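Coming up, as structure tokens: structure 1 and structure 2, two forms of one and the same protein chain.
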Structure 1
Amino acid sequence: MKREFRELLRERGRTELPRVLLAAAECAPLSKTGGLADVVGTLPKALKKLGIDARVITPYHRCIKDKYASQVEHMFYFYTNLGWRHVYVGLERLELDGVVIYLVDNEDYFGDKIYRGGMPEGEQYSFFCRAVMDVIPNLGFEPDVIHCNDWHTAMLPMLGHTQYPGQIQDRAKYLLTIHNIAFQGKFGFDFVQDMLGVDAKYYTPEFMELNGCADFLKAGCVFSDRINTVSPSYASEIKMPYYAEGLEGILNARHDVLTGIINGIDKVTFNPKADPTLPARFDRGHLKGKAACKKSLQEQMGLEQRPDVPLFAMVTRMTEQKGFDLVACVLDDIMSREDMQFMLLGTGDERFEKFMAAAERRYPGRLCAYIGYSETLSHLVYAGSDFFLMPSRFEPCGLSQMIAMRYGSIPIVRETGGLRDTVTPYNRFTGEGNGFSFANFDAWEMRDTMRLALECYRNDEIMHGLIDRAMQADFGFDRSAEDYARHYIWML
């Protein structure tokens, strides 16, 4: 155990590190739709290295059954009350990479999509919250800290502290991590009463009411012992009305327990020196393999075979949140004026998908739009591109810019959230920096930043320095795990 942790524990009259149960709607590699799953799948492994017994509880989704059913051990089942419903709860156990994962089974709720949307999704995760509360006393594992993630599990602290007085669920401390404040789980009070039997006295602005709705995420912000989000800058931003989506009041009121912990990436999965998906391997200081990856990417995507042309790339959802409206505004301007290539991998709003398909026809051999997603292709895009564009309107953390730097693709980002915290803009006077950034959500400012990147591309010394510093940055999860460990201990 680290000396720092021993001292923190001694201050709290304890000798043992806390036991932690992470509750989340998805967990990589079992189930995944986004970055949340990566965090939940990677954090417990990093915590284990520190000596913390961290386990996961997540729904037993159909995608998990299809792949892992033969490895799962049945623990027990019972029936619980979800309002007037008497519903089945099965608990299965899976150990993966040394981490214990509890799977909550109910085919009616988790037999198809991870997220059903609207009221059906609200019922899915109301059931999951109730099931988690009711299985905890029977796990043979009493958590000191229950680590909740986003609105799907944000009702756990409220239920634990109001409906289970004096029991394990009430004695536990609760940490709520906000991965994206734009999604809050808003429903009618009659729905919450029907599902979870929440006392009507809590249907007020002091507790869970927001704009006439019962807000699951707000309830979590009120009743959690600590709150964090996934970057320090985002923790500051969500106290402002522009970013807070209506929760600025409670977050400012609880600013003393609100912090930001930057996410990390899995350095084993994302490692250009050993990545089995790449046609050639490379590492910092030995970039011959990166040139081979660029050639392979150009060949596969129908781009002109030119090693000297700068290749810009995006792996993204084509939405306004990701800044794709900025891209649509200036793409023709920069493509018509500059000698460059552009590669997109992703899906999104129909209007943006059509725009990119048309752009591909306007710039044959220079622009490629792969409308869809391929994990293998994404690795090649990171490895084969020269610049990686992320002009997000807001970005709680962002993982793509970290992965891009790991593969020597220089990020160009808007200064928001985790993008600001991980990308140091190039300084032409000092030579410092590992990427490029622009401050305002403005298409022409983004275009000018891309042009600065193009100028630097033509200078081998500058470009090699940028690549070296980008690949040198350490965005592994070990540092994040230490920050979470401190939070867990502070909560004891």
Structure 2
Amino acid sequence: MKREFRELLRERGRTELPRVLLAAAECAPLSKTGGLADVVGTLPKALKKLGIDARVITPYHRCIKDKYASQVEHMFYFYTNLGWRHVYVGLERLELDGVVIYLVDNEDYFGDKIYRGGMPEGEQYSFFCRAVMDVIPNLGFEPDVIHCNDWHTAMLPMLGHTQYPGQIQDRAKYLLTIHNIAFQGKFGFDFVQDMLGVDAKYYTPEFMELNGCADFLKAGCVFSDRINTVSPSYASEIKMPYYAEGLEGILNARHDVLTGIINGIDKVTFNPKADPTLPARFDRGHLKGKAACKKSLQEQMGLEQRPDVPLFAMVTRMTEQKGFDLVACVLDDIMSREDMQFMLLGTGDERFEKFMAAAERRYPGRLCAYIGYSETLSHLVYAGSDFFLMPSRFEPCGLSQMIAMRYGSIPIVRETGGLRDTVTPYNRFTGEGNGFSFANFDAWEMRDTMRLALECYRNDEIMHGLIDRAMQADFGFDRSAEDYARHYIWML
């Protein structure tokens, strides 16, 4: 055990590292729609290296059942009450890379869609929270800390402290990690009362009421022992109304327990030196394989076979968060003036999907919009592109820019949240930096920054320096895991 941890534990009269149960809606590689899954999949492995027994509890989604059913071990089942409903809760257990993952089974709630949207999603995750609370005493693993992630699991601390007094669920400490404050789980109080039997005395602005709704994430902010978000910059931003989506009051009130811990990436899954999904592998200083990946990407996506043309890429959920308005505004301007290619891999809002599909028809051989989700293709896009565009309106952390850097694709980002904390803009006077950035959420600023990147692309020395520094940056999870470990110990 690290000496620092031993000393922190001694101050709390403890000798053993805390046991941690991470609760989340998705967990890579089992289920994934975005970065939350990556974090929940990677953090426990990194914590294990520090000697912390961290386990995960997540829904047994259909996509997991399809792939892992033969490896899963059935633990037990029972029925629980969800309002007037009497519902089945199965608990399955799976061990992946030495990490224990508990899977909550109920086929009515966890079918094809990880997120059903609207009230059905409220019901899915009310059920999940209730099931988590009810299985805890029977796990044979008493967690000291329950680590909740986003609104889907944010009701756990309130349920634990108000509905299970004196029991394990109440004795545990709760850490709430906010991965995205834009999603809060807002419902009518009647619905929440019906689902989870929440006492009406908690439906006040002091507890879970916000703008006439019962707000799961707010309840989490109120009842958790500590709150963190996924970058220091976002931790400051969410104290301001522009970013906080109405939660600035509670977050300012709890500023003493609110911190930012930057995410890391899984350096084994994302490793250009050994990535089995790529047609060729590469490393800092040995970039031949990267050129081969670019060729293969162009070939597969119907882009002109030109090694010399700069290739910009995006791999993303297509939502307002990710700055698609900016892309829509200046795409034609830049595509018509510059000799460049553009590759998008993404899925999301219909209007953005349609816009990109139409753009593909306007620029045949130069622009490819692959609307869909593909893990394998994403690796090739990171590896085969020269620049990675991420002009987010807000970005709690962002993993894509870190993955891109690891694969030598130079990020072009807006200076917000984790993008600001991970990308150092190129400085033409000192030659420092590992990417490009712009400050305002402004399409023309983004276009000018893309032009600066294009200028640099024509200078081999500058470009090689950028690639070298980007690939050198250490975005592993070990540092973040140490920070989480400290937080867990502080809460004991």
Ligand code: ADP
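Every value quoted in this text rests on a predicted model; they were computed, and no experiment measured them. Residue 1 is the first residue of structure 1, and the numbers go on in sequence order from there. For the two forms, the rigid core is made up of the largest set of C-alpha atoms that agree within 1.5 Å on superposition.
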Which number belongs to the form predicted together with ligand ADP, 1 or 2? 2
Taking the rigid core as reference, does the Cα of Glu206 move 2 Å or more between the two structures? no
Shift of Arg351 between the two structures at or above 2 Å (CA, core fit): yes
